[in-house]
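This document starts with one chain, in the form predicted on its own, laid out as structure tokens.
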Amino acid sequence: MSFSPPSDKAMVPFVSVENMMHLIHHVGIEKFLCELTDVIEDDFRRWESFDKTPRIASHSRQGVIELMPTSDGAVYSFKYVNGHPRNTIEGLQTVTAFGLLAEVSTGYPVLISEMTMLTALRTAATSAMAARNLAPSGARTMAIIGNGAQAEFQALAMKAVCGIETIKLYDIDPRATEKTRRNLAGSGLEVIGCCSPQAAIERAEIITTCTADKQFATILTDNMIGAGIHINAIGGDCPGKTELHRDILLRSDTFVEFAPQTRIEGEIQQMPADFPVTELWRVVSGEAAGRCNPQQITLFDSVGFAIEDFSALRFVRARLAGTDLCQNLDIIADPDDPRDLFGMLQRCRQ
């Protein structure tokens, strides 16, 4: 007995790593980052329409595996992501990820995508969005402390969105700095490798920390931070992992994505439970002040939040229109009679 082919709803578009890379180049990486930054900022403006919960984490001695869900009432998304800092010893990525969009009305998926590459882009775009709202006006020099997989994305996002012209690099592994310099050649940025964190942050108006070790660390000490600086602290993203001395937080106005999650995972895990923070969506929507004066130290204590992944996935879905940069996966059982799933199985055997 024959059976009908799957309906359109049963065929879910899938973006592979290869197609994601082709899509980025099709759009242009700096344009991709600019447009993605705007989409994330648009979703921050409607922050209150989203379901919000701290990510669901499974911790081990080796790392962490997390699920990051959210919904705006019409579309649902989640991301699966890990963080295993010692993976690089085995030649593996520290972070891998994939994600899904679904329509709330039926529960059917409408997109599945790789998100290892996309997470790097959305993290950089979120940093650039924060800097656009918090960094000193006219900032042109940024220091990047930690020159791993995220460094080039951060540099290009800050160039494209915020007008950064000079990038100063430091990593405990000189090979990482050289890799970043090589990858940014021809980008239009002046790229300077430095022999110490102090040298990297000298004359920088923006400092980005993106180290990977899963431990309490002091990448920046209080005496290193002068007035008027904006800090993007993006390396701390789980309990027991920080990059900044707590005294820096005492001198800074601190901005976060979702405070209940950041108090567990971010730099502010070092601080009392009532340590004052401002959720960034309130600045973006005009409900709260960002940078108020040239001497102010602003800190974006970023751990990554599910709404940013929602934004990235919906941006990719829109950008796929008119391209062939996805493939349809037959992953939803689609019987002719929705009550007869077993009959569909039987007909396949015949």
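Note that this is a predicted model, so its numbers are computed, not measured. When you see a residue number, it is the position in the sequence shown, counting from 1.
Keep in mind the form predicted together with a further copy of the same chain is missing from the figure; the text below concerns it.
Legend entry - Contact assignment for a further copy of the same chain in the predicted complex, among 138, 107, 276, 272, heavy atom within 4.5 Å: Checking each option against a further copy of the same chain in the predicted complex, the one that comes within 4.5 Å is 107.
Inset, instruction - Select from the listed residues 93, 223, 218, 198 the one whose heavy atoms reach within 4.5 Å of a further copy of the same chain in the predicted complex. - result: By the 4.5 Å criterion, the partner-contacting residue is 93.
Inset, instruction - Name the stretch: of 250-258, 188-196, 158-166, 117-125, exactly one has residues whose heavy atoms fall within 4.5 Å of a further copy of the same chain in the predicted complex. - result: Correct option: 117-125.
Inset, instruction - With heavy atoms only and a cut-off of 4.5 Å, decide whether residue 148 touches a further copy of the same chain in the predicted complex. - result: Residue 148 belongs to the contact set for a further copy of the same chain.
Inset, instruction - With heavy atoms only and a cut-off of 4.5 Å, decide whether residue 51 touches a further copy of the same chain in the predicted complex. - result: Contact check for residue 51: yes, within 4.5 Å of a further copy of the same chain in the predicted complex.
Legend entry - Close approach of residue 69 to a further copy of the same chain in the predicted complex, 4.5 Å, heavy atom: Output for residue 69 is yes: heavy atoms within 4.5 Å of a further copy of the same chain.
Inset, instruction - Determine whether any heavy atom of residue 24 comes within 4.5 Å of a heavy atom of a further copy of the same chain in the predicted complex, and answer yes or no. - result: Residue-level check for residue 24: yes, a contact with a further copy of the same chain.
Inset, instruction - Scan 152-180 and write down, in order along the chain, each residue with a heavy atom lying within 4.5 Å of a further copy of the same chain in the predicted complex. - result: Result: 152, 153, 156, 173, 175, 176, 179.
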